[in-house]
Every structure is written in C-alpha cells, then in structure tokens.
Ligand code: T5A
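Consider the single chain below, provided in structure tokens and representing the form predicted alone.
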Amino acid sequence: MFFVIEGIDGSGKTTQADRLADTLARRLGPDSLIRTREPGGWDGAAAAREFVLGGGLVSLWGEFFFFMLDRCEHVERVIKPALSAGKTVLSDRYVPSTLAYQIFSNQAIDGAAAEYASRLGEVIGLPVPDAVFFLDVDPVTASGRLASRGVMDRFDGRGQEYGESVRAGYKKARASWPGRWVDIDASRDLDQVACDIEAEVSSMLAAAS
C-alpha cells in the first residue's frame, strides 16, 4: 500500500511520518516498508533538495517543474519498485504539496493553468496513494512550532499569511483525491494525532489482507 503524510510547515508532518513508520515496521517487518520523502527521496538528490529549499529558484513555475522532475525520479527509482515488490510505501509529502504550495496558494495561477497543473500527475501516470493524511492545523500554531525549532527553510519563513494560503491550497487539492483524503486535526497532542492515523491505517491494512 501507499500512504502519504501532508500538511503545512509546522503541522507535525515529519514527526507523525516517523511515528507511523515505526508502527508499520513493527507490524509488517522493517523489510516490508519503504519510508521516504519529497523532495530528494532518491539517491543523488540531496544537493537538489538543498538547492530549492535554500532559495535557489525564483520562478514559481520553475519550482513547480523542479518538484515534478524530482517526483518523477522518486517514483521511478523508489516508489514504483517498492510497490511492485509488494512493499508498503510511506512518503513525507507527495503531489498535494506541490499543488498547495506552488499552484493553489498563488492567486496569479487559476483557470486553465491550475487545471493543467492539478491533472499533470494523472496524465503522466504517477501512482495514486491509498490514503493522503492531511494534518490540519492553523498557521498561528504552526508558526509557534516552527519558531521553537529555530531552523527554517525558505518556505518555513514566509509567515502566517502564507501559511493560510497554503492551508487553503491543500483544501483545494483535496478534490483531486476523492475517497483517499483523510483530514486529521493536528492541533492536538502528538499521541492523539498518531492514534487517529494509526487507526485509519490499521483499518485499511485489515481490509486489504
């Protein structure tokens, strides 16, 4: 199966992905799970990840196509081989991130351009996740969490207004994943959030067995 964890910066996304990975590894066996991330979840992509997160691109469409290029390599090198081998894949970010951050959060992109971007993954045949867990949290709470971390990339540091636009972008992206999108209230205690995600995953695994 293929699971994706999504959310604005400061939603607790990576923490929850790590916790779910531990749970899945215990349940399925460590050799049956591939824990990955975007961007840069494939060998040789670390420099590209640092480049884009460090502000190496100034064009919005440049960012969009960079993330799509990275994703295509990620899919071919990591995700597809793992799924073909019968393994479970858990990714920290996937297509919804690009739609939320680069497309739907930008008022200059709408109409045909947004439609093109939202359908591109389907057109080129990117694998569709069994579930996208969206960790929903208000940007004020998220910003407080980021400030406590003390280390931010160019996207983390754009402020609460940007966080609101990305959060709204995620809610627009939801329409591209009918029946696969799971909203999780991420404003709660970490254990409560993890429990909700794990309950959903357990149900899906049981249904698939």
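When you see a residue number, it is the position in the sequence shown, counting from 1. Remember, predicted model here, so these are calculated numbers, not experimental data.
Although not depicted, the form predicted together with the named molecule is the subject of the following passage.
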(message) Is Thr15 part of the interface with the named molecule in the model of the complex - any heavy atom within 4.5 Å?
(response) yes
Q.
I'd like to know if Arg174 sits close to the named molecule in the model of the complex, meaning any non-hydrogen atom pair within 4.5 angstroms.
A. no
* Asked: Can any non-hydrogen atom of Arg26 be found within 4.5 angstroms of the named molecule in the model of the complex?
  -> no
Since only the chain is shown here, I'm wondering whether Tyr101 would be in contact with the named molecule in the model of the complex (any heavy atom pair within 4.5 Å).
yes
Only one of 121 to 129, 91 to 99, 77 to 85, 108 to 116 has residues with a heavy atom within 4.5 Å of the named molecule in the model of the complex, and that stretch is 91 to 99
Those residues of 49 to 85 with a non-hydrogen atom no more than 4.5 Å from the named molecule in the model of the complex are Arg49, Leu53, Phe67, Arg71
